[in-house]
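Coming up, as structure tokens: structure 1 and structure 2, two forms of one and the same protein chain.
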Structure 1
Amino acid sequence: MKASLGRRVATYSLAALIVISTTLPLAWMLISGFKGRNEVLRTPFQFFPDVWMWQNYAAILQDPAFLQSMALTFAGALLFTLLSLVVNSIAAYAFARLDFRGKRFWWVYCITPMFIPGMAILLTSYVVVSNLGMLNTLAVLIIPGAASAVQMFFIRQFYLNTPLAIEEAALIDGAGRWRIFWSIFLPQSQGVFVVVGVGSFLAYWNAYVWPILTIQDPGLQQIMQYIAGFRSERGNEWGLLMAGSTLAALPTILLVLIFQRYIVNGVRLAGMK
């Protein structure tokens, strides 16, 4: 009894420590958005401001460049997520259920990028999109990263768990491969699609190096470019910077909070075999 109580106390203490360590930086960023320019980095450290400056958030929300970059990034993230789901789910179904010549070779070929750091192919990727005339377009942010080896592998693992008898019965009834994919596999893919979709959205939203490298048009500036540019141009206005960073992080935080139950279930189901 005492050992069980001790384990529960240790578990809850560890959980509380993890929660505090992960939420404290977010809380500090949020509250720092209400501070003046000299209060954020004040020594000695002060968590709460002397005067709550609500105008910091109002000023950021009234900045046309901030609103435009948020809208463009949100629209691009939605398109990127949709394209990623379509491309990776179809490829995953093909590798999970179809038999074709060279299947093993092509599967190894497709998942090899999982083991190659993105920075290692950054310059070659830039040369490719430059030769294709994709620079300074929204397409350069969406198309190159839509096919993901990690997501393809994840969805394939989920499709491998679908009983083969269901697919064979559909084939006997005259259903084609596309009909089977559309009517059997897609309806049961909600959980895994949420995991992949949220991952794609976060990857696009948080991207910094690739947009900086491929987008120089201010009219296509992404939110991370805006934050980086704000820091370099107005770096001493820390309160405004923290307010902008908080608002930029808000969509991703809400997304994870809304879909957290589906994310946990999706990871659990995809890992079962």
Structure 2
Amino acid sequence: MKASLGRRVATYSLAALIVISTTLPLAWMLISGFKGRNEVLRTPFQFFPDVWMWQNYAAILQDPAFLQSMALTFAGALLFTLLSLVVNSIAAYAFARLDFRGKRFWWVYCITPMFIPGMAILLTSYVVVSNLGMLNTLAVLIIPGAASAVQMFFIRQFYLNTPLAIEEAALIDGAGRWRIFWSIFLPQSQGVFVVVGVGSFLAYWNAYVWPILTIQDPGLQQIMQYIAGFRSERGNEWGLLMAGSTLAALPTILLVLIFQRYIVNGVRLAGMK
């Protein structure tokens, strides 16, 4: 009894230590957002503010550029997620379930980009999108990255594991492939779509280098551009910057909390196959 109590205390303390050390940077960002200009860099150091104030959060929320970049990034991320789900899932279905001439070639063609690092094609991608007249449009952020080898691969893995029998029955009943995809595969793809979709959303939301290369128009600025720009322009207003960073990180963190079960299971299921 005594030993088990000691063990439990040890377990909980270790768990608490992991939680605290993992979340410390985020907690610090949140707390610093509540500190006024005189307090945020105060010496001697003080962890919590004397006065908790909302001014920073209120001020950043009143900055039209901040709100606009949040809204634009959010809209862009949704469109991006939607587009990549469509493109990658139909390709995944074809590769998992259909037989066609040249399949092996197209498979290698679609899967190799997984191994091509972004930097190797960054500059020439820029040349391509500028020739296509896509610079300073939201399209340049949404379209080029929508086809993703990794995501297609992941969805295909899932489709490979769907039993053949249902599909055969549907084929015999005369349903076409699109019909089968739409009414058999899509409805059961919820879990995998959440995992892959969250991934797309995060990739778009957190992108920085591609937007700074392709978007110069301040009206189309993305949220990470805004944060980085704020730091270089008004680098001494740490309270304000921390408040802005907190708000900019919030959607991604909320997404994880909302879909945590799917995500953790997604990783786990993937490992179990």
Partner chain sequence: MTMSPQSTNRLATAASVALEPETTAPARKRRRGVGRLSTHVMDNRTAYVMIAPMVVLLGIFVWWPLLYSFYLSTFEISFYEEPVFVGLQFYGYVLEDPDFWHSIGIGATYVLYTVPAIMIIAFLVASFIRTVGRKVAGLLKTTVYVPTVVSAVITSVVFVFMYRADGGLINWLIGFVGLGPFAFLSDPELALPAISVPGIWLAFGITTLIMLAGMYDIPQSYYEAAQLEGANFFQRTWFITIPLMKNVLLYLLVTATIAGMQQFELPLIMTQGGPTNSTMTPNLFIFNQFKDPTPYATSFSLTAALILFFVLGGISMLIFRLIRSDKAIDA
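Think of the rigid core as the biggest set of C-alphas that the two forms share within 1.5 Å after superposition. Here the structure is a predicted model, which is why all the values come from computation and not from measurement. Numbers given to residues start at 1 and step along the sequence of structure 1.
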property: Of the two forms shown alone, the one predicted together with the partner chain; result: 2
property: Core fit, then Ala16 C-alpha moves 2 Å or more between the two structures; result: yes
property: Rigid-core-superposed Cα shift at Arg37 between the two structures, Å; result: 4.1
